[in-house]
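Here we start with a single chain on its own, the form predicted on its own, put down as structure tokens.
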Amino acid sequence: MASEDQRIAKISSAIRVIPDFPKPGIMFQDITTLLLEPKAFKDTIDLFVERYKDKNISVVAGIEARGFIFGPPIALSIGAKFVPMRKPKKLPGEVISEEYSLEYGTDKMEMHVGAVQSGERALIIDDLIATGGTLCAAIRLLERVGVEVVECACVIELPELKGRDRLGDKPLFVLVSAV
């Protein structure tokens, strides 16, 4: 446990916080600095892999765009396929979509038809959970086609925005809680 705590402390210290970005009052959690530290980045992937390697997960669904950074190495390490969950009109071919609410308006998330099969077990990965809107949309999209969402995982949680509460009974695993 002490070694895990050291890894999480290293990951946390590698994440840069930028005040007032992209607008005043926002404390932006910048994971690009984490990616510049190979040991901290590897520890991030390793902690997720250690958690999910024996959970019989066949799908790692990554949310655009930073879920695309963490998802593929996790998927490869646990022997699962990686499925990108994209913004509208980014995927060629036939897609299935799910609309979700933003602070002002709505957006959509899409994935390829046939990317997942009914009965598969999925992990949804993103860099950060704030209000939980994108994770909820990803859960609904996967469940609509019969996939069991085992858990959602994020590097960072902004607990004051209560995104975890919106996930209902879906478990959420987070490495770092931003304050």
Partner chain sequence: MSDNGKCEDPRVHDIKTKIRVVPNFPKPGIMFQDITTLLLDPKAFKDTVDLFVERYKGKNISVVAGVEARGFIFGPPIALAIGAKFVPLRKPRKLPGEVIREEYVLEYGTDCLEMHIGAVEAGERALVVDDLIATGGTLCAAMNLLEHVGAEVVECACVIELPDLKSTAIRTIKLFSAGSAIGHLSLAQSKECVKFLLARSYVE
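The structure displayed is predicted, hence computed values, not measured ones. Positions refer to the first chain, counted from 1.
One more form of this protein should be noted, the form predicted in complex with its partner chain, which is absent from this view; the next part is about it.
- Its partner chain in the predicted complex comes within 4.5 Å of no heavy atom belonging to residue 108.
- Contact check for residue 143: every heavy atom lies farther than 4.5 Å from its partner chain in the predicted complex.
- For residue 55, no non-hydrogen atom is located within 4.5 Å of its partner chain in the predicted complex, even though that partner is not displayed.
- The closest heavy atom approach of residue 102 to its partner chain in the predicted complex falls outside 4.5 Å.
- Of the candidate stretches 145 to 153, 132 to 140, 64 to 72, 47 to 55, only 64 to 72 has residues with heavy atoms within 4.5 Å of its partner chain in the predicted complex.
- Within 4.5 Å of its partner chain in the predicted complex, a heavy atom is found for none of 96, 122 and 179.
- Residues of 36 to 59 placing a heavy atom within 4.5 Å of its partner chain in the predicted complex, in sequence order: 36, 38, 41, 42, 45.
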